[in-house]
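Read the single chain below, which is given as structure tokens and is the form predicted alone.
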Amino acid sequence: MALLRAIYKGLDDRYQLTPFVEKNITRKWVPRTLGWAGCFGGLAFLLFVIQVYTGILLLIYYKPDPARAWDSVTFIKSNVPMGWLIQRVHAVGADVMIVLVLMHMARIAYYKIYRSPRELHWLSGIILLSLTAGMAFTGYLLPWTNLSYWGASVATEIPTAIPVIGEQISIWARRGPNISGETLGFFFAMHIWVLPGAAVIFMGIHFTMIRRTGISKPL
């Protein structure tokens, strides 16, 4: 800790980090009437950070290959120290994160906080909810169990009900007519790179707009 404090002090002396952190991160005005329900968005972000951390740990051992995916997950849960806990936190955390985002949006809708000048906050929140659901869905297939295989099969069959383009959407999501190794590789890439990257971008936009307009006072 002493070494970290010395490093931070050296950087702070040269680049004035403390004023920047206090102005943009640690210090901000909030309404006096803001209750615990106003923390759902922040808790969802905290859970996203936990998901990224546990995902990185799982990525060390996971193999995105149909022949080895299930064995690698079993190895993590059975042989890696605390691997079962990390895997469980990551799996359950996806569901909890979706619930927190939904509760956050329900509060926004109830208090009508989406009204001017915060319309774009609401739109970016809807996009973040979609990205969160997408990360949970793509991650569901990665263990490559019978349950995840048929769950992905049913879910990717749903778009076929859309006229004209539905069949093409299903084929695009599966990377072919059926769930296969190509699907697993595609879902893996979406789960660890594309969707989290997009989520980070929209979180940055979301938080920046909140900093500009301030936190709304609930009625």
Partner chain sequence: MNDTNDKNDADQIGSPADGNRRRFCQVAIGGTAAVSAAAVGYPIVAFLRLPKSLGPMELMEVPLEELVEGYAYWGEHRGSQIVVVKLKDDIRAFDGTCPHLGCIVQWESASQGFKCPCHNAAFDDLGNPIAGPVNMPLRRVEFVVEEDVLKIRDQGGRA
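Numbering follows the first chain given and starts at 1. Because the structure is a prediction, the values reported are computed rather than measured.
The same protein also exists as the form predicted together with its partner chain; that form is not shown, yet it is the one meant from here on.
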Quiz item: Ile108, Leu131, Val73, Ile86: which sits within 4.5 Å of its partner chain in the model of the complex by any heavy atom?
Solution: Ile86
Quiz prompt | Interface residue in the model of the complex among Leu184, Ala44, Ala69, Leu58, criterion: non-hydrogen atom within 4.5 angstroms of its partner chain | solution = Leu58
Quiz item: Out of the stretches listed (74-82, 121-129, 137-145, 94-102), which one is close to its partner chain in the model of the complex, meaning heavy atoms within 4.5 Å?
Solution: 74-82
Practice problem: With heavy atoms only and a cut-off of 4.5 Å, decide whether Tyr53 touches its partner chain in the model of the complex. | Solution: yes
